[in-house]
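This document starts with one chain, in the form predicted on its own, laid out as structure tokens.
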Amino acid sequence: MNTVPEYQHFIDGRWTAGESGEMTGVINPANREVVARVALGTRGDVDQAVLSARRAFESGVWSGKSVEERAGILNNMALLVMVNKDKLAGLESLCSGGTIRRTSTVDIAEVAASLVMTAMFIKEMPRVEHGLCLPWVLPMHSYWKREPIGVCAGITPWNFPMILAAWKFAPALAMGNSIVLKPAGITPLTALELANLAHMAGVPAGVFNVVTGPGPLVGNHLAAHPEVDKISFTGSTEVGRQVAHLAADGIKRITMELGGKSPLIILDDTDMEVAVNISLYAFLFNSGQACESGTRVFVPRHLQQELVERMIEKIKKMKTGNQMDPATDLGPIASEAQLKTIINYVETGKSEGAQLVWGGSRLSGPEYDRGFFFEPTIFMNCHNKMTMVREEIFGPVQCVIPYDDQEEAVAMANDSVYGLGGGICSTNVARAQKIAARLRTGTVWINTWHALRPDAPFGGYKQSGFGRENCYHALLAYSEVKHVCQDLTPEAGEKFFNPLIGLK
């Protein structure tokens, strides 16, 4: 009989038993089997992790290291990620349902690249910037520099656990902060493993901590904790509002990467084969469980039927099944709760008059009955007033919306409370660029999708959040700016402010 591995919290550089002693199971969404047990965190566990992070920060054991030293350790960690890629990818797929084909390539590469690129950016950032020396300016020297914020909290979701954790801990550590990471309850394993790898790479004890447990208890206490200076949250807009409210009393720095309902505009000059492939990739990557999934496809009315028919022909050739099989194209939905959400949206779509042309059902049969599998689903003749067009589904459901002219398409694309991603399919570069400039989204892709680069900023407009992750923009979000101004006049009588208040 195989023994299920057990994971404790990672606090102060070591595996630490939870305050309550309770454990909770982590399941494989393909068959509901328990693959590991993790500590069920409490408020006391959060307090211990935050205290560890605060002690480490105040000691200067990490914040006091040079940029070169921190960069070197981040690069060491990137090497350890690659050395342990098989273990990390396997755990990621087992918990999240992401295909092993993807996690062992894209996800591992993204985590390592985030570390390497962040190390590069901190070495390129100006250490000190100086004010202008102009002849009519008072004899003063001003300079400013960036310093770490302090103790950071990272709260991550279940869809891309490794990548989204790296987007938080890499810049936080790079700028000299300490961090407490709270991963999603159903996908905590790789965050714990990454914290251990960070310690092995040379990150001092207490600088990188991970506490597992339910969001309403662990996450909320972390967000409101008086010793936390900065919060970075990735998740739904609804939960993001709660986190923002909890952080408000402490006037904490916040980065929010929230929901999306990203539009893809197919122009009438498009290469139809390209448009078909992008329309599929935009909503089927990770079985549709991506915040910037392209789930609203705007297509010229006369091309709608051809687009949909060609999409269906390609879907028929895709394999949905066990995510640990390299031949699998689409894995399971991450949880039963999310599966029920998708089913409810599909039923709402049918009741509101959308035309279901493919899928729409939970998959059944020996390979699927024990897991959370849902077939790729396409609705056509949708419009912007439908619930499933306006709200984030987070599943493999595509809404195809016909339009009659380009202006109408752009207006409908922007008619959303979200603004995370967007895209355009066109063979006319200039035309596509002009439309890209008009889309109110944080990222616009032209003839591609899901191209999230560690050297490019990522974040949203409107209710998709604020702040940016990746690139040097993330480093700015994890630092404070200190201006130091020194008057160079030596005598008290020469100070510029004397006459302002009658000093002699």
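Given the structure is predicted, the values throughout are model-derived calculations rather than measurements. A residue's number is simply how far along the shown sequence it sits, counting from 1.
The discussion below concerns the form predicted in complex with a small molecule, not included here.
In the predicted bound form, none of the heavy atoms of residue 72 sits within 4.5 Å of a heavy atom of the small molecule. At a distance threshold of 4.5 angstroms between non-hydrogen atoms, residue 259 is in contact with the small molecule in the predicted bound form. Mapping the unseen interface onto this chain, residue 376 falls outside it, with no heavy atom inside 4.5 Å of the small molecule in the predicted bound form. For residue 169, no non-hydrogen atom is located within 4.5 Å of the small molecule in the predicted bound form, even though that partner is not displayed. Though the small molecule is absent from this view, in the predicted bound form it lies within 4.5 Å of a heavy atom of just one residue from 341, 414, 242, 381, which is 242. Taking a 4.5 Å heavy atom cutoff to the small molecule in the predicted bound form, the contact residue among 328, 196, 236, 304 is 236. By the 4.5 Å heavy atom rule, the three marked residues 84, 97 and 104 all fail to count as contacting the small molecule in the predicted bound form. Comparing 108 to 116, 175 to 183, 422 to 430, 122 to 130 against the small molecule in the predicted bound form, the single stretch with non-hydrogen atoms within 4.5 angstroms of it is 175 to 183.
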